[in-house]
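As structure tokens, one chain now follows by itself in the form predicted alone.
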């Protein structure tokens, strides 16, 4: 059976399939209407007060539903009484929306979608990112024996709805090849394939999965997507794009996946690992997430300009990496689509605006201050051994110095009060 992640991807494909797949389902504002309004209507009736016309904000449910002298924009369940529907269906070019001179238009299917939405109640929804997910009940399926995982209920229910049958299970060579690529990014070896083909036990596939999850390659494969999101790079970017040392943070991410670190710790340690009580070296390394942005080493740059740019980069990355939101638009104005104001942006900005760094790092191509020494576990063991050897040698030198000083004093004392001491001083002069 395919890996659950592939099943989820298949489920999403089904959920957003075009055509008659959703014909019997109630339209959803976030899924079916919001994007349509933002693409065709927000130019004149959106969140931007400077370009808004008719004192109408279609993005604001309260404004859409408030009483008006010229008729209600939207009457839930009554499209024929809704000005919104009347204006998009009218043949009068002076009244039709979107207006012809806007360069925008609605297809016949899109108009019918809006009409149907209003007839179904015209319900608005909060931004999807702020709606808590609800666990769905398992749908009934035609062949319960085919189901091995709860996700399979949804896959098979959709196949039943479309009048389709599941494909037969892939042959064993294909199965081990798929799951090995999926979990490690590498093909299985000939020995691994042979062992799987020879294992006829009921849990043979499960044992392959367990072996792959225990492989160091698993963390390397799983880390790839997060490294992209976190804008990891081994070079500084900008004009010279010279190498820099960030691989210790990359290895921390890999190890986090390999030791199955919980998501709350994964997020906390990257955002503020150095602020945890008695923070370990590894937790401090985790905060390299906040230092993955480009650094400039070009002479003549305005230091404060680039320092602020680095902070903005952190805000933007935190937004889409942990919140699934595009904060960057709110740098200059209230966000046009996501519910983020400019004040929200700079409130978040303040959290990242306290790192003692410079926009110009002095031309250092490898490490930008502030920085810490970050030896690996093996290097730490070696450093500790070297430190012990060095301490022993330093102890021997100290003992030798102490002995030499004692002998010097003894010799000097033996000369005091005798002519030898005066003779020696005379000879020195």
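Just so it is clear, the structure is predicted and the values come from calculations on it, not from any experiment. Definition used throughout: the rigid core is the maximal C-alpha set that superposes within 1.5 Å between two forms. Numbering follows the first chain given and starts at 1.
One more form of this protein exists, namely the form predicted in complex with a small molecule; it is left out here, but the text below deals with it.
**Q** Hey, of 303-311, 205-213, 103-111, 189-197, which bit sits against the small molecule in the model of the complex at 4.5 Å between non-hydrogen atoms?
**A** Contact-bearing stretch, as computed: 103-111.
**Q** Could you tell me which one of 98, 79, 219, 359 places a heavy atom within 4.5 Å of the small molecule in the model of the complex?
**A** Selected residue: 98.
**Q** Which of these residues, 136, 132, 145, 332, gets a heavy atom within 4.5 Å of the small molecule in the model of the complex?
**A** Of the listed residues, the single hit is 332.
**Q** Should residue 233 be classed as touching the small molecule in the model of the complex when contacts are defined as heavy atoms within 4.5 Å?
**A** Result no; residue 233 lies far from the small molecule in the model of the complex.
**Q** Though only this chain appears here, would residue 53 touch the small molecule in the model of the complex if you measure heavy atom gaps against 4.5 Å?
**A** Yes.
**Q** Can you check whether residue 84 is within 4.5 Å of the small molecule in the model of the complex, heavy atom basis?
**A** Although the small molecule is absent here, residue 84 would touch it in the model of the complex, with heavy atoms inside 4.5 Å.
**Q** Decide whether residue 68 counts as a contact residue for the small molecule in the model of the complex under a heavy atom distance cut-off of 4.5 Å.
**A** Contact check for residue 68: yes, within 4.5 Å of the small molecule in the model of the complex.
**Q** Verify the flagged residues 254, 261 and 285 against the small molecule in the model of the complex: is each one within 4.5 Å by a non-hydrogen atom?
**A** So, no: the whole triplet misses the small molecule.
**Q** Please say whether, between this form and the one not shown, the C-alpha of residue 294 moves by 2 Å or more once the core is aligned.
**A** It does not reach a 2 Å shift.
**Q** Could you tell me whether the Cα atom of residue 73 shifts by at least 2 Å between this form and the one not shown after core superposition?
**A** Where the cores coincide, residue 73 still shows a C-alpha shift between this form and the one not shown that is 2 Å or more.
**Q** Hey, does residue 111 budge by 2 Å or more at the Cα between this form and the one not shown once the core is superposed?
**A** Yes.
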